[in-house]
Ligand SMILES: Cc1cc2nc3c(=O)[nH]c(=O)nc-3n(C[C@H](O)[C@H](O)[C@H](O)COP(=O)(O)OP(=O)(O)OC[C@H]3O[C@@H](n4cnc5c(N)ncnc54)[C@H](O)[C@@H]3O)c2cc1C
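One chain is shown next in C-alpha cells, namely the form predicted alone.
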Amino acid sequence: MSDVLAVVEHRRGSLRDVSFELVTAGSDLVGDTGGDLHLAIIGGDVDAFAGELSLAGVDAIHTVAEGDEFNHDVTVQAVEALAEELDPTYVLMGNTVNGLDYAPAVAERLDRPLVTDAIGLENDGGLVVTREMYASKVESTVEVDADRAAVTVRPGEWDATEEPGEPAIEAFSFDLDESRVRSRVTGFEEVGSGDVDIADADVLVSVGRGIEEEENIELVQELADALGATLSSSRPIVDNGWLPKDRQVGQSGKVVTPKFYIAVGISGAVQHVAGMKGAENIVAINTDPDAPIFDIADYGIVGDLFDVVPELIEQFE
C-alpha cells in the first residue's frame, strides 16, 4: 500500500478549485495503490478549509497554522516536515503559479523526482504519469523509475470532488526555521486590470478571430451581458490588443472550468482547447463545420456569428 499527500491551495480566504481536483486525483491514485489520501492545508483559516475539504476519499487532513497567505519558504518547510512525518509514496501539488513556485524545492529537499503538468496518473506496479507535449498535440506517458515521487497536476483535468466524507482532522506543527524564511507577503495585487477573474466565472462567452474587427467585440459583449456571463477570448484577440491579457483562455492564458463555455468564432487551436476543455458544457458557433472546436463541443451551431449571435441575444433578453 502507498499513501498520497496532496497539498491544497487557497488565496485571499478561499480554496482554489485545484484543491478539490487534487482530492479527485489523489483518490484515484490511492484507488490503485490501496493506501490513504492525506491533505495538507498550510496557512489561512485552516479550520474552515478543513471543513470544506471533508470529502469522500480523504482519510486525513493536516492543518498547518502558519501565516495567512502563501509563502514559499514556509510552504517548503511545512511540506518537507509533513512528508517526513507521513512518508507518503507520492506528493501531489497543483501545477499552478504557487505550485510551480515551491514544488521543485520540495522535491529537491525530499530527494524525489518531480514530474510536472500531469493530466493523468496511474499506479501499475510503479507511477505512470500522462503529460502533453508539442503544444498539446501529443500525449506522452512517463514511467517514473523511483519508489517515491512528487507530481504537479494540471488544473481542470480532474473533476472536483463534492461528495462529503469524514476524514480525521489533525493540527500539524513543526519547528519553523526562521533563518530559512527569506520572503514575506506584504500585500496582494491582481495582475492586469483586475476587474474580473475569468477562472472564477460560471459562464464564459469567449470570442475568437472570427469576430474580424475590434468594434465587433461589442456584439459578443452584448451576448455575455444577456446571459450574465463574463467575456473572454482566444489568443489572437489579445495579440491584437482588443482585450487585455487577463481575458485570454488557453495554454498561454488562463485555464478555466466554467459550467458553460460559449465559443464564438473560435476554431479550436490546441493551445486554446488546453485551457477550456474542462468546461462542463461547451457551445461552439463557427461557419466551418470541420473546425476542431466542434470535436469537443457539446452543442454546435454551424453559421455566421453575425447572424447567430443577434438571434441568441434576442432570445435571452
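Worth saying up front: this structure is predicted, and the values here are computed from it rather than measured. Start at 1 with the first residue shown and count on from there.
There is another form of the same protein, the form predicted in complex with the ligand; it is not shown, and what comes next is about it.
A.B. asks: Given the pose of the ligand in the predicted complex, superimposed onto this structure around the site, is the binding site open or blocked (3 or more ligand atoms closer than 2.4 Å to backbone or C-beta atoms counts as blocked)?
C.D. replies: Open, per the superposed partner pose.
A.B. asks: Among the candidate stretches 167 to 175, 231 to 239, 150 to 158, 89 to 97, which one is within 4.5 Å of the ligand in the predicted complex when only heavy atoms are counted?
C.D. replies: Of the options, only 231 to 239 has residues within 4.5 Å of the partner.
A.B. asks: So in the predicted complex, does F306 come within 4.5 Å of the ligand, heavy atom to heavy atom?
C.D. replies: Residue-level check for F306: yes, a contact with the ligand.
A.B. asks: Please run the contact check for G268 against the ligand in the predicted complex: heavy atoms, 4.5 angstroms, yes or no?
C.D. replies: Looking in the predicted complex, residue contacts with the ligand include G268, since a heavy atom lies within 4.5 Å.
A.B. asks: Hey, in the predicted complex, does I282 get a heavy atom within 4.5 angstroms of the ligand?
C.D. replies: It does not: once the ligand is placed as it appears in the predicted complex, I282 has no heavy atom within 4.5 Å of it.
A.B. asks: Heavy atom to heavy atom, is R209 within 4.5 Å of the ligand in the predicted complex?
C.D. replies: Looking in the predicted complex, residue contacts with the ligand include R209, since a heavy atom lies within 4.5 Å.
A.B. asks: Looking at I262, I42, L39, V249, which has any heavy atom no more than 4.5 Å from the ligand in the predicted complex?
C.D. replies: Comparing distances to the ligand in the predicted complex, the residue within 4.5 Å is V249.
A.B. asks: Taking G253, D288 and A291 as a possible spot, do all three reach the ligand in the predicted complex with a heavy atom inside 4.5 Å?
C.D. replies: Yes: G253, D288 and A291 each sit within 4.5 Å of the ligand in the predicted complex.
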